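What follows is a single chain, given as structure tokens, in the form predicted on its own.
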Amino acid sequence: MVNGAKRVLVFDSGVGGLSVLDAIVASGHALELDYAADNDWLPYGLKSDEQLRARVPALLSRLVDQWAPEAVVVACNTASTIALEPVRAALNVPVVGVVPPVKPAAALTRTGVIGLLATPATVQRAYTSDLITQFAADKRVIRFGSSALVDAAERKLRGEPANQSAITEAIEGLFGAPGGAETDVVALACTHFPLLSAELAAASPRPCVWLDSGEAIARRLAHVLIAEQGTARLRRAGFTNAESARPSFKAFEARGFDVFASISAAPAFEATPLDDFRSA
């Protein structure tokens, strides 16, 4: 371990957490970063609350036992809004979750119209409605839920063309809604979506701020760990379905990951290093 570096596990249902990991790396702190994706259950938005409250704490508890991080980042909006408290109860290390960036979006808007782009599950949550009531009650908030954008981000990270129809559908859902033409800030409330920010901005009918939670999470993590300034080192990336994730390994290798692992099925969730992890 790099002298003074703190170990951190970044967790998501798929590759979306890479947008958060990139922000953590860019924050300039001495951290050793592991990544775990429960891609066998992707997308989380199609699972029930009860399923996620049972699975996510169990999976993370086993990974904490095996990889010994000093903090866990739940870089998934769906998991954070549903299972964050059970995760915190199950782990003996600090847990940092994701909050849809409604508050900063409300502070940034000049037109008073905010777009909220999330998965269908996050859009419908009472948690999201409470955030809007608390921080954006005097704004028009246009919500649009998309599972297709999650798939588009996963495809992009595999080196495939992003699904343009998913981009078009999201843009029309936001800007085509009543009052949506005045939207000047879009809160990206799914960690997959910042991976598509260039495509979304290019398709937008007007200039907008595309706001995500990555920098806020990085700041919170550094505060929780009292992390020293320095360079982050990327170590292991584990997947609950390593074979289906293999095409995206190049994106992980490009960031500096050099050990890949297969995480076995519940309840063992055993992380076993892959001898042959090179992507095609």
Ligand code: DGL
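Quick caveat: nothing in here was measured; it's all calculated off a predicted structure. Counting begins at 1, following the sequence as shown.
What comes next is about the form predicted in complex with this ligand, which does not appear here.
Of the residues A222, L42, L59, L234, just one reaches this ligand in the model of the complex with a heavy atom at 4.5 Å or closer; this is L42. Contact with this ligand, judged by heavy atoms within 4.5 Å in the model of the complex, is confined among 169 to 177, 205 to 213, 137 to 145, 185 to 193 to 185 to 193. When this ligand is considered in the model of the complex, T119 lines it closely, a heavy atom lying within 4.5 Å. The closest heavy atom approach of V96 to this ligand in the model of the complex falls outside 4.5 Å. Proximity of V150 to this ligand in the model of the complex falls within the 4.5 Å heavy atom cutoff. In this stretch, 78 to 94, the one residue having a heavy atom within 4.5 Å of this ligand in the model of the complex is T78; the partner itself is omitted from this view.
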